[in-house]
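Next up: just one chain, as structure tokens, the form predicted alone.
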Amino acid sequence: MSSRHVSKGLWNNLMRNNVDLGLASIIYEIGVASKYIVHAMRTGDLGLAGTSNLYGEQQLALDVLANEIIKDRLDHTGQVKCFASEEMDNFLIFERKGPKQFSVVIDPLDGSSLVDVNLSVGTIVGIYKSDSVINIGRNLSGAVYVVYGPRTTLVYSTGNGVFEFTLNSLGEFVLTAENIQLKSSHKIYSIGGLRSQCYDNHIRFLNYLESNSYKLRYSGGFVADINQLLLKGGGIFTYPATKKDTNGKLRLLFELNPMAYLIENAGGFASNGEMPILDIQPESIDQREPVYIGSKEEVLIAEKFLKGESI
């Protein structure tokens, strides 16, 4: 194996960017966990697990398995004190001996209902140098997401650039894009929620996008849609407050904060329509928020529409 090839590996990239060893070990173990999750999706049970998560949603067997895989790999690092998952009713304190500097929040298999129709799904991870998972996103030390699609890719940031790695045939994550940056504006949009349930100001924003020839690109999976915006250079994803879900649908701790961190480190912006996602003080582990995330210009235009201002 050539030194040039080794230098493009995930661990070497983490070391080259002077990432704290504890933080680096967590990110690396997320990569290890993702390989087991890929195997489970190809060979495992796609049915219901017979249990529900803290939101009352039926869990798939893969949801539960992915959660266990990641939990075990994080415990293995000896660096994680507190762990919270969208698939667990409460946070977990690890007992393994070690420095335990970090707390980690995860959505182990975002979009898992899409697995049986062979669409891309993903894992979302937020990492805090803290003994608590109830934190504002601005305090994140790092964030990761993994996309399980035609390729398995891992994207991470620790505040010094956004990097993409692709799992190769040898089972290694190899660097495929570095210092990823969003354009200030880009004509792609992804929208969640039923239009009939949306409030008027949000509908006016959608009408603006459509009348200005923005291209609709929506998969129904948060990870896949954010990954598309990031790698295509920009655009906007939104899941708004609706008459049915007045606080939005996506979870602040498990989904929005890690993605907002990654997008802001790529030069983008994330808002709930009134303030930056990363500045929202969580009041509970299951808090939800509306979201407008992507290129700065589109997000700022969305905020103006929501405030009833003219464009």
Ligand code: AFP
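These numbers were taken from a predicted model, which means no experiment stands behind them. Residue numbers here begin at 1 and follow the sequence given.
Form predicted in complex with this ligand: not shown, discussed below.
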Problem set entry | this ligand contact at Tyr239 in the predicted bound form, heavy atom, 4.5 Å | yes
For this session: Answer for Gly234 alone: is it within 4.5 Å of this ligand in the predicted bound form, judged on heavy atom distances?
Result: no
Exercise. Is Gly220 one of the residues lying within 4.5 Å of this ligand in the predicted bound form, judged by heavy atom distances?
Worked result: yes
Exercise. Does at least one non-hydrogen atom of Glu255 fall within 4.5 angstroms of this ligand in the predicted bound form?
Worked result: yes
Exercise. Only one of 207 to 215, 75 to 83, 109 to 117, 149 to 157 gets a heavy atom within 4.5 Å of this ligand in the predicted bound form; which is it?
Worked result: 109 to 117
Problem set entry | Position in contact with this ligand when the complex is considered in the predicted bound form, options Ile285, Leu250, Leu278, Ile69, heavy atoms within 4.5 Å | Leu250
